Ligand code: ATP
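Below you will find one chain, with nothing else, as structure tokens; this is the form predicted alone, and questions on how it binds or moves follow later.
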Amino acid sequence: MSVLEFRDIHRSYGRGEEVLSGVTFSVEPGQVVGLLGKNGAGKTTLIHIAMGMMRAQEGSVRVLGLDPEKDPVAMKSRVGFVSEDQVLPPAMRVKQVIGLHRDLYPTWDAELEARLRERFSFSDRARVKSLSKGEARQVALLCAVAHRPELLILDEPAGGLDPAARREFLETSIDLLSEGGTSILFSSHHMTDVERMADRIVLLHDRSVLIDAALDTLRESYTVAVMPVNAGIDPGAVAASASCLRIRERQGTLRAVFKGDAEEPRALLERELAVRNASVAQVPLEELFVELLGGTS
């Protein structure tokens, strides 16, 4: 059984502005899935639907086989959640916040709590409102994982943290996964974080899933072709080829993303479009996503 399953999710805001349209993918046991996309692509909306904080207007979601709307308590008792905008009670002391969560979860692991306290830098007696952003995120992570959830959902959890704090946060998440087999779905804007944590990528674009692939597959099976804009090439004809995901004009060149190794799109361009001066190569992940999601300039 999938740990998390989205099936044909649709969600609109305001005057019918569609944010998600037919989003379908699942997270399997033990997987770490990076959820990527530009701001406004629907990542947080999708995560809120999974957590039962928002309702899908069409489609269904199952978390550990449960419906988040119909079985919120049973579902949340088995899931950990940390988000960038998560707010802990500001007037409470850290030990009170942790104690509150300890009482909520029958599976709370006191030994894991102790290990995390030793690793993190916050003071037990400090009030939440006095904590730095990094310390507050550490408290949230401890509360999210000390009950050893089967699924950990992280929505830009390290956003706004300095590099050292972000690394500590992510390393803690990775360590917990490796020892307990927890599945993780996380969103992030930092490609270095994605490459360190994820073994699979789901990329949201234009309201739906554009790419769903293993990280190694992305590195090996997607290429970028660069062609002179003044070479008489028809961008529409390139875009119409089955393996072309996107084409755009940038700085006097046409840049097209293809699924397949470098030889396949090169042969296709030469055979079908008589393009013989294209540079085709694999590119780093960050550059690949810039080409897929960037503007037209």
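Between two forms, the rigid core is the largest collection of C-alphas that superpose within 1.5 Å. Remember, predicted model here, so these are calculated numbers, not experimental data. We number the residues from 1 along the sequence you see.
Missing here is the form predicted in complex with adenosine-5'-triphosphate; even so, the following discussion is about that form.
J.: Although adenosine-5'-triphosphate is absent from this view, report whether residue 68 comes within 4.5 Å of it in the predicted complex, heavy atoms only.
T.: No - in the predicted complex, heavy atoms of residue 68 and adenosine-5'-triphosphate never come within 4.5 Å of each other.
J.: Can you work out whether residue 232 and adenosine-5'-triphosphate are in contact in the predicted complex, taking contact to mean some heavy atom pair no more than 4.5 Å apart?
T.: No.
J.: Flag residue 189 as yes or no: does it have a non-hydrogen atom within 4.5 angstroms of any non-hydrogen atom of adenosine-5'-triphosphate in the predicted complex?
T.: Close contact exists here: in the predicted complex, residue 189 approaches adenosine-5'-triphosphate to within 4.5 Å, heavy atoms only.
J.: I'd like to know if residue 251 sits close to adenosine-5'-triphosphate in the predicted complex, meaning any non-hydrogen atom pair within 4.5 angstroms.
T.: So residue 251 does not count as contacting adenosine-5'-triphosphate.
J.: Tell me which of 56-64, 254-262, 241-249, 37-45 has residues with heavy atoms within 4.5 angstroms of adenosine-5'-triphosphate in the predicted complex?
T.: Going through the listed ranges, the match is 37-45.
J.: Can you tell me which residues in 1-38 come within 4.5 angstroms of adenosine-5'-triphosphate in the predicted complex, by heavy atoms?
T.: Read in sequence order, the residues that approach adenosine-5'-triphosphate (within 4.5 Å, in the predicted complex) are 13, 19, 38.
J.: Taking the rigid core as the superposition reference, indicate whether the CA of residue 16 shifts 2 angstroms or more between this form and the one not shown.
T.: Residue 16: C-alpha displaced by 2 Å or more between this form and the one not shown.
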